[in-house]
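To begin, one chain is listed below as structure tokens, in the form predicted alone.
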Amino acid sequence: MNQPITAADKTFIALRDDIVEGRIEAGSKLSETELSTKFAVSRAVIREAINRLESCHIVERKANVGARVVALSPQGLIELYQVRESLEGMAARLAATNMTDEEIADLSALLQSHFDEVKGGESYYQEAGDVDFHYRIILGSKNKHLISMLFDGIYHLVRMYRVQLGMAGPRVTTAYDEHKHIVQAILNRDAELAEMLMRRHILYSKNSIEHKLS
């Protein structure tokens, strides 16, 4: 989904991944000079990357301070997940109507491959991208405004909370079961149930991460 094209794109993606995965700490200041040395690009390229990261909501600029990585906080998480619950609930509702039978079959196959990981006691966490369960459903909504609001708008920040605070532990198997029920509702073309289950699933995730933050 993110094919790096120019040096600016490559820098943006590398910097974004460093932030999301915590190699650059949440809340830390971003120095254009240091980053241009690290990535071996001009400060103008770094400035452009920082501007793009700001629109992804993972970097913020403050007067007299400059750009810094957003800090992860319980309040920030609550606000983010309130939006996510609403938007992804809508995506699940639309997916139940708009996904093709083939796309639903692929989604079921994806879930089956996750089952083996859960059974083996491995952490139920998938890296974002084509394999991510939530991505498939959001794409399955076939609503380009919704897809853009989630992917380009808030999803990198969602990933940042998920990656840095983790999905391991008792939540793992229950998250898998919730995913299974959502797929079943989509398979049955039950839009109302799919929305309700997705909203509840995200609410449970929020509670789990919030518990780790407190």
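Worth saying up front: this structure is predicted, and the values here are computed from it rather than measured. All residue numbers refer to positions in the sequence shown, first residue = 1.
There is also a form predicted in complex with the DNA; it is not shown, and the following applies to it.
Just one of 28, 33, 148, 55 has a heavy atom within 4.5 angstroms of the DNA in the predicted bound form, so which one? That would be 33.
Q: Counting non-hydrogen atoms within 4.5 angstroms of the DNA in the predicted bound form, say which of 189, 162, 38, 43 makes the cut.
A: That would be 43.
**OP:** State yes or no: in the predicted bound form, is some non-hydrogen atom of residue 7 no more than 4.5 angstroms from a non-hydrogen atom of the DNA?
**Re:** So residue 7 counts as contacting the DNA.
* Asked: Is there a heavy atom of residue 153 lying 4.5 Å or less from a heavy atom of the DNA in the predicted bound form?
  -> Outside the cut-off, so no.
So, residue 61 and the DNA: in the predicted bound form, are they within 4.5 Å at any heavy atom pair? Residue 61: contacts the DNA in the predicted bound form.
Does any heavy atom of residue 47 come within 4.5 Å of a heavy atom of the DNA in the predicted bound form? Taking the distances in the predicted bound form, the answer for residue 47 is yes, it comes within 4.5 Å of the DNA.
| message | Where, within 66 to 84, is there a heavy atom within 4.5 Å of the DNA in the predicted bound form? Residue list please. | response | Only 66 sits within 4.5 Å of the partner.
- Based on a C-alpha change of 3 angstroms or more, tell me if residue 73 and residue 64 lie closer or farther in the predicted bound form than in the shown form. More distant in the predicted bound form, by 3 Å or more.
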